[in-house]
Ligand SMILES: Cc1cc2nc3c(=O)[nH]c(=O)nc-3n(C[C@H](O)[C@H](O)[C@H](O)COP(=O)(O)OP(=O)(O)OC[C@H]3O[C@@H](n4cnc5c(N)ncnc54)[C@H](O)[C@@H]3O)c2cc1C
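Starting off, we have a lone chain in the form predicted on its own, written out as structure tokens.
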Amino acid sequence: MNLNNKHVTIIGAGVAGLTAACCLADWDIHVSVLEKTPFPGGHAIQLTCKATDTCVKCGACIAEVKLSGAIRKPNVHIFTGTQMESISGQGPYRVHYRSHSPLVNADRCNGCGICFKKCPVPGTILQGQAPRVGPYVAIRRDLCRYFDNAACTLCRDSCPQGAIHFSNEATAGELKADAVLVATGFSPYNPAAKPYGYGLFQNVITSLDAERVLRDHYLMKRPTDGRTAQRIAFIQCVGSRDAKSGHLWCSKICCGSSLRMARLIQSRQENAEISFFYIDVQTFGKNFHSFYKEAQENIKMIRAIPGDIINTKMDELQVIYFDPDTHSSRDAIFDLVVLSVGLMPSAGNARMAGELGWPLDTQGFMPPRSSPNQPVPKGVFTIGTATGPMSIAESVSSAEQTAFEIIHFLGER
């Protein structure tokens, strides 16, 4: 089957989109991947490996493997900083996009970090999370002072490689696609509305924040003072399984990710005391029972969801919860609290669904073609967490299966 004259556009360069790109490229199909952020890899590329003495199958390494594989395929083209504008046609489709040129030349940048030190606005310069794939550095236009009045050029002037240039021009483009694959992923829940002080207390962080801390610092450091946190609380189901918010679904990944992270911290910090607040623990992985038994022996498991968190005068966190065993209110003091935030539908799902004529499910996700009574256009497919919460391994499986459905579809055409 000769498919080298076929073209597929993938919207989203997370682990699912990259997996599908590799599979399709192996069949000589030309693949364009549109990624709205400056870096490919999605949320998964930010995760830290949670292996202790052995691999615990957390999946964190998969994203970098898939990214490395995709960029080495000559018939895969990844457009970062690129937003899909609209889709027209009935198949083949015309995918209209708008792309901002990167402000940092990746071929020149060597990741020296001088620009980070010179920039006066924290968070303006972003560091990618896949250094072995490429020296990824990006500048946020919305925070950079240059784009206010051209008053600040400190990063550009100090760059020894001359890798930084300022341009606010956007290029409009169009791709002709025989099939369109939606891999827009998920949005992490913003816990600011919860009574846990997120956004107010610096030592209350999300699970994704914690992943980055462990990846960058090895030990679990407190944001306020850089001190290694010894008393740590993990609070599960923040934003999911939540009737008040209307989020009734389980995010599937939180229990496994948090318990693996907790055991990783304990393996690196001998005296770490970790408490785990939960509704119930969902199974995960082939060795769940043995891993969970070990976790129960080393982690204080509290079957309760806290009602409030107070920042004390000593810059500690007082967690207040109802103890189901004693039927009374209790509290505990921690150095750091990690909120395991749920997987929400991607913020752009409604607009994407409108462009494609693809009905969203009751939760706001884009169900796969195989869903019953799903009136979807030919040549359009969805994968990964765009369709609902799933683990990295499940996202990869979803992408591989759907890639072969696309190959079959293109072969028939």
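Small disclaimer: the values here were computed from a predicted structure and weren't measured. Numbers for residues come from their place in the sequence shown, where the first is 1.
Separately, the form predicted together with the named molecule exists; it is not shown, and the next lines address it.
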_Heavy atom distance at most 4.5 Å to the named molecule in the predicted bound form, all of Ala177, Ala353 and Ala403_ = no
*Contact residue in the predicted bound form, chosen from Phe334, Tyr136, Phe276, Phe186 - any heavy atom within 4.5 Å of the named molecule*: Phe186
*Please determine, with the chain shown alone, which of 338-346, 111-119, 299-307, 159-167 has non-hydrogen atoms within 4.5 Å of the named molecule in the predicted bound form.*
338-346
*With the cut-off set at 4.5 Å between non-hydrogen atoms, does Ala25 touch the named molecule in the predicted bound form?*
no
*asked:* Is Ala20 part of the interface with the named molecule in the predicted bound form - any heavy atom within 4.5 Å?
replied: no
_Touches the named molecule in the predicted bound form: Thr382 (any heavy atom, 4.5 Å)_ = no
*With the partner left out of view, is Gln230 within 4.5 angstroms of the named molecule in the predicted bound form by any non-hydrogen atom?*
no
*Are there residues in 191-218 with a heavy atom within 4.5 Å of the named molecule in the predicted bound form, and which are they, in order?*
Ser207, Leu208, Glu211
